[in-house]
Each structure stands twice: as C-alpha cells, then as structure tokens.
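Only one chain is given next, in structure tokens, and it is the form predicted alone.
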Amino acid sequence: MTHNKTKEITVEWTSPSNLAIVKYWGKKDIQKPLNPSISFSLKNAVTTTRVSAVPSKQGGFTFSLDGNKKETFNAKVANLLKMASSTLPFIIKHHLTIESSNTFPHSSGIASSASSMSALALCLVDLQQIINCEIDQNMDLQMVSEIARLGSGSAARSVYGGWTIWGETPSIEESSDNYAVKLPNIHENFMQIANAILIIEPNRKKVSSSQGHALMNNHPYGEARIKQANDNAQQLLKVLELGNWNQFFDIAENEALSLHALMMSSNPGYTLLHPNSLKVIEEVRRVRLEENLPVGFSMDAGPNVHLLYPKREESKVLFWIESNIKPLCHQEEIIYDQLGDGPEKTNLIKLNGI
C-alpha cells in the first residue's frame, strides 16, 4: 500500500507510567478490575508515542518501539484498536503508523503498558477530534481512560497527573470500573512524594502481568484479596487526605508484599522476586526503625523496588541510597522520579492536505 502523504495526520503524546499503592490484580469482563486501585503518576518514567494516520480501505497498523518493530506487542495493540473502533470509527478507515519510545526498561516490573497504552489512547482520541474538525474541543479524559483500559488496565490511571483511583468504591461517588478518576483533597505531603526506582533485574519478566492476572481466577485467596484491597483503599483515601507518612508506608508495603504473595500462592505458583529485592526490603525496614529515616517501599509485578519518601527529605535519603542501596541494584542503576503532572501533547501536529 502506498501512503498518500497529502492526507497524513500525525500527533504525538507523552504519557507517564504510574505506581499503584493499592494494587489491581485480577480482572473480570473486558479489562475490568476485581478491586479498586489507587496510584500516582510519575514524572520521568514516560512513553512518547507518535501516531500517523493515512486513509486506507484496508486499515491496519505497524508498531515500533525505540525504532524497532516489536511483533510481541502487536496482539495487544490490535486488540485495543479493534475494541476502540466503535468509539473512534476513523481507526478502520486509516492505516496507523505507531512509533513508541520509553525512558525506562519495559516488561521488568515498571508499568510500561500503562504509559504506552495511555499515550496511544490519547493519540487516537486526538486524531478522531482532528478528523471530526473538533481540534478546539477539550480532550475527554474519561473517554481516553476508558479506551486506555482496553489495552492495559493500569493505563486507565495514567491519563491524569497526581493521584487517581480506578474501580468502583462507595466512598468516591464518580469512581467506576470503566475508567479512572482523579482524586481530590490530597495532602501536600503526598503531592511532594519522591520515588527512586531500583533496577534490581532489568530483563524481561518470566511471567507477564496478563498471565499473572489470569491466575487470579479460582485463586484460593481470591475473595480475601478483594476484601483486603477494598479495606486498604478506604484506609489509603483517609491517609492521603491527612498526610501521615507511617500509615502510608504500612499500606504501601502491605499491598506490595500481598501482590507477590498472591503470585507465589497461585497455581502454578511463581515468584518474580530477586534475592536483592528482599535485601532492599530488609534494609528499608531497618533504616526506618533504627534511624527514623522516612522511607518505604512498593513493588509492581517484577523484581524492581520503588522507594517512596518525602521530597523534602531527599538529601538524607539519597545519602543512604548511595551507601546502602546502590550496590544491590543491577549495575547500580536507579531511576529517580517523583509525582508528575500527567500526559503532555507534543507540539507536533502535521495536517497534510486536510
């Protein structure tokens, strides 16, 4: 197929990964969560996605990551495009060239699908608005969140900056299983949260998150997990309003360890922890107890550990990281991050012949 350059439209968005403090693990229906999850968007761990649309009767797409065609992602992208096409009909009438790049290693336990699928959803909704000549309209982030969810559940939360909840819960009236909503009333402490992402093991995970979610079906502790997550979500909502760091660390660490316990107690059971992941956890708890350093941890579905601490205490925490934590990381690699403002549109919009 030859691309007709006179009708090509190109948009580009950068969208962040997010770190869930209350975890989403296990799903129902089409990418809907078994329990509510609460996360904050990162600032530096982002995906930039550029999508060019050219009219085509055949439709279709090509996808590349960091300049290389990635067939392994094609099924996920195709699935998202198919499900989104009823809301965004331009998809079936255009060939899409999708180019993505990350600032962090993918498939290693940092939510790369969250940033990549939210960036893709933002591009798709943007393209539909341009084709409909609705360029001046505000982006409907609720719709973007719902479309992003079809590609990756955690992506529903990445379309906002700050703190977000996804999954229905009685205490947040607007909350929904279909899309995430931004949380109001966050204490200043947690708007100044820093996150050092420790790269313990950069290689691709042995078991993908999709496989892990599937193992929650008929999990022996499935019902107890749903109750635990709902309870932790209610507690975290209060803590985020009141600003208590120790209570925050308790919930974050309980959730991280519960997530990995669910993997170990699945059938078949598996672990994504690395010996150094456990050493970091022990050291975090030691320094908080013995030296009163305000630092806690979270983990996603992988061996890498997210250190969490107040931005104002950064100099003390960094001194400790340099001396006690860096040697436990793969080639001493650490990504320093913090709470971010959410997605950004790149000032690159090409409207050729429209």
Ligand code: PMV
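One-based numbering along the sequence shown. Just so it is clear, the structure is predicted and the values come from calculations on it, not from any experiment.
Unshown form predicted together with this ligand; subsequent notes refer to it.
> Give me the residue from Thr169, Ser113, Ser277, Thr164 that has a heavy atom within 4.5 Å of this ligand in the predicted bound form.
None of the others qualify; the residue that does is Ser113.
> Please tell me which of Ala301, Leu308, Ala53, Val46 lies within 4.5 Å of this ligand in the predicted bound form, judged by heavy atoms.
After the contact test, the surviving option is Ala301.
> Counting only heavy atoms and a 4.5 Å cutoff, which of 146-154, 214-222, 268-276, 129-137 contacts this ligand in the predicted bound form?
In the other structure, the partner sits against 146-154.
> Taking the shortest heavy atom distance, is Ser209 within 4.5 Å of this ligand in the predicted bound form?
Ser209 belongs to the contact set for this ligand.
> Though only this chain appears here, would Leu339 touch this ligand in the predicted bound form if you measure heavy atom gaps against 4.5 Å?
The answer is no: Leu339 has no heavy atom within 4.5 Å of this ligand.
> How about Ala252 - does it come within 4.5 Å of this ligand in the predicted bound form, if we only consider non-hydrogen atoms?
No, Ala252 is distant from the partner.
> Answer for Ile9 alone: is it within 4.5 Å of this ligand in the predicted bound form, judged on heavy atom distances?
So Ile9 does not count as contacting this ligand.
> For the heavy atom contacts within 4.5 Å of this ligand in the predicted bound form, list the residues of 238-266 involved, in sequence order.
Just Leu259.
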